[in-house]
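Encoded as structure tokens, the following chain is the form predicted alone, with no partner shown.
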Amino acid sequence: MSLAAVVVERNVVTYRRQWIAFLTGFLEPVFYLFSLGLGLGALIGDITLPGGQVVSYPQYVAPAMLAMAAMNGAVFDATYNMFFKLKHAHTFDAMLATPIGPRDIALGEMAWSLVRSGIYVTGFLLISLAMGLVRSWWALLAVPAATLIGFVFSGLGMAATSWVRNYVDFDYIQMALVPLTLLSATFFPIEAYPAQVRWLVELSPLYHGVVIERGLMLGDVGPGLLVHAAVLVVVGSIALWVARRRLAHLLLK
């Protein structure tokens, strides 16, 4: 077993007795789906995709909520939980007394956040399937694709948390996450945004994840999805590199 896998195993054992906290990030996108997708969807009507396919508003929103589930699963562990282990419980300091190093900690924590993210996404996909919101067998790739979303936000979360001084600073992270959640073409097509700000939406990592999940779940698949996937890989790799360097600086200083 690799040393990073030991870090993952430690998290699994910990959450055996904290399963209620484990569910918190899963419920938010589900509530969004029922309140906005089904409630507001009755007023909005159908949405026409760029490829000409017409879908109901709940079908349009569900893939975005799945992408949010992937983001939530990764962010929670990479921010609040990581800060608690780093600053209060000194969990990482204890790990360094073993053969585990900063690189193993970074990779292990990211791997665990991806596991959590994947569980959220799988549950949400099953709910969407039961509600008739999935229109294509391409949706089988929705969970692997969501791993890219978790990869990006886990790396970004760990990197950002390495600069957090106290819990008050997490307000800045929330200030970034809320606009990402609402303004990443999650609830409305990107064509609905003014041309002057559309480029800003396209900078959002969540936007690229939403496009991928929407294409897979609704069967609107094309080579363009590979471009969005490549963007997530690049952003996630840079974020992981920064997080590893920052952890090494904090733990070995």
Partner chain sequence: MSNPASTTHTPGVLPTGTEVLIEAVGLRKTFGDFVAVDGIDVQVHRGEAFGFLGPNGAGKSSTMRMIGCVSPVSGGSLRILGMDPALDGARIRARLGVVPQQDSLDGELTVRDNLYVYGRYFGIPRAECRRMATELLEFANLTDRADSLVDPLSGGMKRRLTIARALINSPEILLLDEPTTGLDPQARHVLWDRLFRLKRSGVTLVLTTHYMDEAEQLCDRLVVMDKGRIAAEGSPRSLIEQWSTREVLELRFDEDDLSPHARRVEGIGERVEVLPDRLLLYVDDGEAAGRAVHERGVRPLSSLVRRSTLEDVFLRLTGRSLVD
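Source: prediction; values computed, not measured. Positions refer to the first chain, counted from 1.
Separately, the form predicted in complex with the partner chain exists; it is not shown, and the next lines address it.
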property: is_contact(residue 103, the partner chain) in the model of the complex, heavy atom dist at most 4.5 Å; result: no
property: is_contact(residue 237, the partner chain) in the model of the complex, heavy atom dist at most 4.5 Å; result: no
property: Touches the partner chain in the model of the complex: residue 91 (any heavy atom, 4.5 Å); result: yes
property: Exercise: residue 96 in contact with the partner chain in the model of the complex, heavy atom 4.5 Å; result: yes
